[in-house]
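In structure tokens, the next block holds one chain alone, the form predicted on its own.
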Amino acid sequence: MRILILGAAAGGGFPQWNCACSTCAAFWRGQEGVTARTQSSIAVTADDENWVVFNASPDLREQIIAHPQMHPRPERGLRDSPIASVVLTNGDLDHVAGLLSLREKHPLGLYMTGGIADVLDANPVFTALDPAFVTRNRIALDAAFEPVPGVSVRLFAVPGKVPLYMEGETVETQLVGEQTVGAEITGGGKRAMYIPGCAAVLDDLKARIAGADLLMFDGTLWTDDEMQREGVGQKTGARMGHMSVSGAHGTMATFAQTDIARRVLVHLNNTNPLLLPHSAQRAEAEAGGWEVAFDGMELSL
């Protein structure tokens, strides 16, 4: 099983187009080793021919161009793509907007929970995906399905919230249901966990992750008040439905004693100092056994 990180950043990408926070500024001034990242997505295959994309980033077209594994193969016809299916883990814009780049009448299987499917069904813009070619599959939590040959997936609930554009006056940030899910991906006797958004790790989630060959986990913010301290926003990480990487209750501390063969932080916000290769925060994360995802990173299991 091969996993390709198509996009390692959170919504808006890195750098964010209109941001001069300390991390984005490092990119704009050309600081050595600071590289751009597109918005959150991975692709998985078991045969190098058929790929399933997890989350359709607004940057999907750019990601396809950047990675030869995603290119059409002319010998297979004038209309071709190795992308056979798409799995969604929530209805956030940075995970569904890219679906509109897949509207050119190419056969695809689209897999998601009923709750996420309801979000798409309620928005007429997604009728651009011709149902004669794009099959929408409603998947029950914890039900196994095979989006491409040799790759089995189970979607499971993780604490989170509804998409920003669906928020009302009162927002519950640790809902557990169909609106935010993780994916357990198995193939070739190996097991990977993909959880790009998570507000908290409860005991049952930690037990599910234990023993995984690979964990790709929400690395949005280093500290909860990061955006406030950078002066670019008023929301905390918790308010946005994301754990912090650092701190006594952060991701690194939570999984410190959990048996996980390889740990990768994905969905990095543009303010996160982990994006700076020589930062103290990057050194601390790496010392704790965590890798920081980048576009084009390949993970073979």
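Residue numbers run from 1 along the displayed sequence. For clarity, every value in this text was computed on a predicted model and none was experimentally measured.
Below, we turn to the form predicted in complex with a further copy of the same chain, even though it does not appear here.
In the predicted complex, do 38, 104 and 124 all put a heavy atom within 4.5 Å of a further copy of the same chain?
Yes, all three are in contact.
Considering a further copy of the same chain in the predicted complex, find the one stretch among 64-72, 272-280, 41-49, 252-260 with heavy atoms no farther than 4.5 Å from it.
In short, 64-72.
Is residue 178 close enough to touch a further copy of the same chain in the predicted complex, meaning at least one heavy atom pair within 4.5 Å?
No.
Residue-level contact is defined here as any heavy atom of the residue lying within 4.5 Å of a further copy of the same chain in the predicted complex; does residue 14 satisfy this criterion?
Yes.
Within a 4.5 Å heavy atom cut-off, is residue 210 in contact with a further copy of the same chain in the predicted complex?
Although a further copy of the same chain is absent here, residue 210 would stay clear of it in the predicted complex, with no heavy atoms inside 4.5 Å.
May I ask you to state whether residue 186 is within 4.5 Å of a further copy of the same chain in the predicted complex, using heavy atom distances?
Heavy-atom contact with a further copy of the same chain at 4.5 Å: absent for residue 186.
Just to confirm, with a 4.5 Å cut-off on non-hydrogen atoms, which of 144, 202, 100, 171 contacts a further copy of the same chain in the predicted complex?
Selected residue: 100.
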